[in-house]
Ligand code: BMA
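Coming up is one lone chain in structure tokens, specifically the form predicted on its own.
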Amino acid sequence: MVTDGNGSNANSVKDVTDTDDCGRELFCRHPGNPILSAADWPYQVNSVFNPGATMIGGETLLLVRVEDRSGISHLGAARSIDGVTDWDINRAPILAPDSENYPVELWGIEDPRLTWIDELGVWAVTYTGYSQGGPVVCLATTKDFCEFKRFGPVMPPENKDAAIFPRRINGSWMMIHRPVSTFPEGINIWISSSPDLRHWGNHRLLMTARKGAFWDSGKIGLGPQPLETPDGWLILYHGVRQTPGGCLYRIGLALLDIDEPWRVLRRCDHWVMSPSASYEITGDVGGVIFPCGWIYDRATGDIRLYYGAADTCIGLATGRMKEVLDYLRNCRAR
């Protein structure tokens, strides 16, 4: 999640990368990457990845997808003062699948995104329930990441990669999500609205996967939740391209209209981050970087981007909001 940075320590993160000249990159890998892996967990697991992120009580909190050795995922919590080191990790899941009451969670829960909703005084947690009928967008709310109120599924399958905007727009809540269609160009990003966070409608196609050789020609999906900026709603998304070596996941940027977020103002042709470090290339699913959480410190202008690497561990990259917006201003208007 992106929040005003009360207590964040983004200035302590150095901008370096394994393989790139980071002075030319918008997002730079932390030298201590991966910052979390299965070896750090206090109980036996297979992998930890794809975390949502927020600030709470002066600490960075990551809500992490944790896959056990059966292959089923649950959500765990890791807390750190500086958001980089000395992680305090819960010794048990904080949100586990509850298939008895929510059958769509039969095969696990995955890939959380976190949105602080000031009007309601809660975090909205969107996550994927892995059901027999395919992935389903589920919603829960929490005030403290100790107790959660489950809403259950809020979109029919097959759907995932969802996040809620932090405030009402034109009187409605808005959510970005990624349904799957049987049409050839069907794996695209959509946007919908709701009066109450439970009932979603007014579905609109927001962004499509590009055709041909583009880096995002296979399918696209939202990363962390949208961030409000003076230029519009900033979104970061993953794009997938099928290669002879398998699927390659990269990251791109787009800007949505502040009052009509179903209108894309700018979308960059180039990816801004691609798997290149060893821990991104090699793992359970190599060639994948998959961000679900970011934290924006408005006082310093720093962005901390937390992402899953190769479906195996967690990496951290940092950027500057001014540079991100300057980059988008030079992208083609849509």
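Heads up: residue numbers just count along the shown sequence, starting at 1. Worth saying up front: this structure is predicted, and the values here are computed from it rather than measured.
Below, we turn to the form predicted in complex with the named molecule, even though it does not appear here.
S.K.: Which of these residues, 48, 53, 273, 288, gets a heavy atom within 4.5 Å of the named molecule in the model of the complex?
M.R.: Going through each option in turn, the one that passes is 288.
S.K.: In the model of the complex, is there a heavy atom of the named molecule that lies within 4.5 Å of any heavy atom of residue 250, even though the partner is absent here?
M.R.: Close contact is absent here: in the model of the complex, residue 250 is far from the named molecule, nothing within 4.5 Å, heavy atoms only.
S.K.: I'd like to check something about residue 216: if you look in the model of the complex, is any of its heavy atoms closer than or equal to 4.5 Å to a heavy atom of the named molecule?
M.R.: Contact with the named molecule, no.
S.K.: Does at least one non-hydrogen atom of residue 304 fall within 4.5 angstroms of the named molecule in the model of the complex?
M.R.: Taking the distances in the model of the complex, the answer for residue 304 is no, it never comes within 4.5 Å of the named molecule.
S.K.: Would residue 65 count as a contact of the named molecule in the model of the complex, using a 4.5 angstroms cut-off between non-hydrogen atoms?
M.R.: Yes, contact at 4.5 Å.
S.K.: Any chance all of 82, 297 and 320 sit within 4.5 Å of the named molecule in the model of the complex, going by non-hydrogen atoms?
M.R.: Judged in the model of the complex, none of 82, 297 and 320 sits within 4.5 Å of the named molecule.
S.K.: Pick from 273-281, 33-41, 288-296, 55-63: which stretch has a heavy atom within 4.5 Å of the named molecule in the model of the complex?
M.R.: Heavy atoms within 4.5 Å of the named molecule in the model of the complex occur in 288-296.
S.K.: Could you pull out the residues of 147-174 that have any heavy atom within 4.5 Å of the named molecule in the model of the complex?
M.R.: Heavy-atom contacts to the named molecule in the model of the complex: only 160.
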